[in-house]
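Single chain ahead, written as structure tokens, the form predicted alone.
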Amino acid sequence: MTKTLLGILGSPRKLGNSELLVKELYRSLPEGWQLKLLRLPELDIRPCKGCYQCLFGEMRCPLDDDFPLALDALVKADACVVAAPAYLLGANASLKRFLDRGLSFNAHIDRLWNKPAVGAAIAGIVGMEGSTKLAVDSFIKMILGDHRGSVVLYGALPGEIFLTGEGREAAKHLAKALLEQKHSSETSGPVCQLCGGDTFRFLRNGGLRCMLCSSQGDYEWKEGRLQVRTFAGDHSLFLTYEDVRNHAEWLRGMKEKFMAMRKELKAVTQSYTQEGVWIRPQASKDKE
């Protein structure tokens, strides 16, 4: 039976390095796979309105745009690879715009959970990827995928990542990781024991927080290297299947909490209604 690899591109550039990396990875897979591609910047995916309608009833977002097309492709895929370029030290915003609609994932937990996934962050200047890899890793985790590995590659011009052997080796590395039942990472430094993340915020008094799963922990310099320990909190989002289910129920419970506190909350918010002058397009002003 043919399996589907979904390539999710966070780059508007056709035949750019993100697209080429995904296609090279596909070439490294054995027979029996087909490649389908989503270029997020070219899709009409509108900002989430925070209405929470996707958590109740049919669990569908009421916005009429291309989000269901992308979500359906993700649900049906057997595995996925996410590739995005660095824009001003961060990933192209199309990744985050898609994730902002992510409460809709709760309607498909069983088909999304633990789907094999890998990622690549691509920057034009060595060392200037900023938070791009973290955004790619977060994308994989938030779509409930089984994060098998991610890499950072450098190349500003289309095809530049393949001018040395590093790009193709990375593609082979990621393809192998997709097929194996274990995580494969390029990271040689400390990682979060809970999610595998390698980006941390260092807090006072020897504390830290994993910037991928938000778990807290501590660190110390031991045996000539930095060692970190992380501990699961009371409200993890995606570390286990139960976490995902529990978070969805917590969100649904916010409706009842809001109804119980609406008078108290309204008293707080209404006192701010007259502050500030809004800057809006003329069409929006005409409607007021």
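In this text the structure is predicted, and so the values were computed from the model without any measurement. The first residue of the shown sequence is 1; numbering continues from there.
One more form of this protein, predicted together with a small molecule, exists but is not displayed; see below.
Novice: Might residue 85 be said to contact the small molecule in the predicted complex, defining contact as any heavy atom within 4.5 Å?
Specialist: Heavy-atom contact with the small molecule at 4.5 Å: present for residue 85.
Novice: Give a yes or no for residue 122: in the predicted complex, does one of its heavy atoms lie within 4.5 Å of a heavy atom belonging to the small molecule?
Specialist: Close contact exists here: in the predicted complex, residue 122 approaches the small molecule to within 4.5 Å, heavy atoms only.
Novice: So, in the predicted complex, is residue 155 in contact with the small molecule at a 4.5 angstroms heavy atom limit?
Specialist: Flag for residue 155 set to yes.
Novice: With the cut-off set at 4.5 Å between non-hydrogen atoms, does residue 23 touch the small molecule in the predicted complex?
Specialist: Output for residue 23 is no: heavy atoms all beyond 4.5 Å of the small molecule.
Novice: Give me the residue from 89, 109, 163, 203 that has a heavy atom within 4.5 Å of the small molecule in the predicted complex.
Specialist: Partner contact (heavy atom, 4.5 Å) among the options: 89.
Novice: Hey, of 155 to 163, 141 to 149, 69 to 77, 207 to 215, which bit sits against the small molecule in the predicted complex at 4.5 Å between non-hydrogen atoms?
Specialist: Single hit among the candidates: 155 to 163.
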